[in-house]
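Only one chain is given next, in structure tokens, and it is the form predicted on its own.
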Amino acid sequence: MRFLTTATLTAAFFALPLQAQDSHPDANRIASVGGAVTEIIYELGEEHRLVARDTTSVYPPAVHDLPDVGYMRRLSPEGVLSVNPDLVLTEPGSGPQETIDILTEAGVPFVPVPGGYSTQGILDRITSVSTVLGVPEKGAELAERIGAELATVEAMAAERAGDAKPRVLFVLSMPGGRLNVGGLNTRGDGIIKMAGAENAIQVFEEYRTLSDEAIIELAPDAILMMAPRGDHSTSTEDILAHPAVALTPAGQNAKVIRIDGTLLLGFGPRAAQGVQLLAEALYGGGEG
């Protein structure tokens, strides 16, 4: 099995043409929307320019001192404008469009940060944020460090997985007793692949609820979920008690893996920790 070296990965990254991104080096009242974007700003040492964050931005702990302008997909223009930002830096999908339109009319730039659910996507986010903030040198240094961390942990995971990749089903929630699972090209799919495993879902994209028959037919070796938060989270016991799950290898072996959502699905600077935790849960913590 051939692994990319850190030098090769970094060189390939910087050789790729990045999407054009406006630079706002003079922005000093930034509202950060999206956990990965916020973490990158802190890692770049530019957190002094932040005046607000959204509900999904929960790390590092110091971010809780900032005003919360709401959930990234349900931003109110009044809430955002109340902090008098000169830039809103967001992850794609933030909105709604009405809010974006009002902010644009008010002269506040609303800049989405591109990036997929992979190592390359994470490096793209870092470079994009650093470009927007006018600190590309800091971005290059951070991308090199994070790229090296990811290359190391992905190589470890791939080696431990070998040719018999475990089939992992990412479960987002269980509304009405039915599993809502992540298909291809989702965050769950991305982290599963980075950990050297295979998404049990191979026939659809995005998220869908599955029938009991479909779950049994998928026969996942493990079920992956975010760590529970609050009283309304689906418990591990509830998942294992599901009649269809009980008939799968994951259910029979009680193989339900729970990882903090910001590590698991954030695809920001701490992604290597999420990949390592998942790999250790799948293959054990010893040497491969």
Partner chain sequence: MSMLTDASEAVASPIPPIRDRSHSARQMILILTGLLVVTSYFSLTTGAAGTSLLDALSALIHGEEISLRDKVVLWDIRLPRLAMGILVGASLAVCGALMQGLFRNPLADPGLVGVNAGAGLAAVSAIVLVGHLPLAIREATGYFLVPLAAFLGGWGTTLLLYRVATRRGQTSVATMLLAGIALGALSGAVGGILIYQANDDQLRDLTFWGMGSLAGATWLKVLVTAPVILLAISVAPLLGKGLNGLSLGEAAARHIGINVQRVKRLSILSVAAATGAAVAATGGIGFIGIVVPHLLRLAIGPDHRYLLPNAALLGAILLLISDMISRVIIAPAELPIGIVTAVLGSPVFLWILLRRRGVLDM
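Residue numbers count along the first chain shown, from 1. If you're wondering where the values come from, they're calculated on a predicted model, not measured in any experiment.
The next section is about a form of this same protein that is not shown, the form predicted together with its partner chain.
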Query raised in the report: Counting only heavy atoms and a 4.5 Å cutoff, which of 81-89, 191-199, 149-157, 125-133 contacts its partner chain in the predicted complex?
Result: 81-89
Query raised in the report: Only one of I216, A140, I102, L184 has a non-hydrogen atom within 4.5 angstroms of its partner chain in the predicted complex; which is it?
Result: I102
Report task. Name the residue from G70, P228, P243, P60 that puts a heavy atom within 4.5 Å of its partner chain in the predicted complex. Result -> G70
Report task. With heavy atoms only and a cut-off of 4.5 Å, decide whether F110 touches its partner chain in the predicted complex. Result -> no
Requested in this report: Examine P77 and determine whether its closest non-hydrogen atom to its partner chain in the predicted complex is within 4.5 angstroms.
Outcome: yes
Report task. Report yes if any heavy atom of R145 sits within 4.5 Å of a heavy atom of its partner chain in the predicted complex; otherwise report no. Result -> no
Query raised in the report: Is T209 close enough to its partner chain in the predicted complex to count, meaning some heavy atom within 4.5 Å?
Result: yes
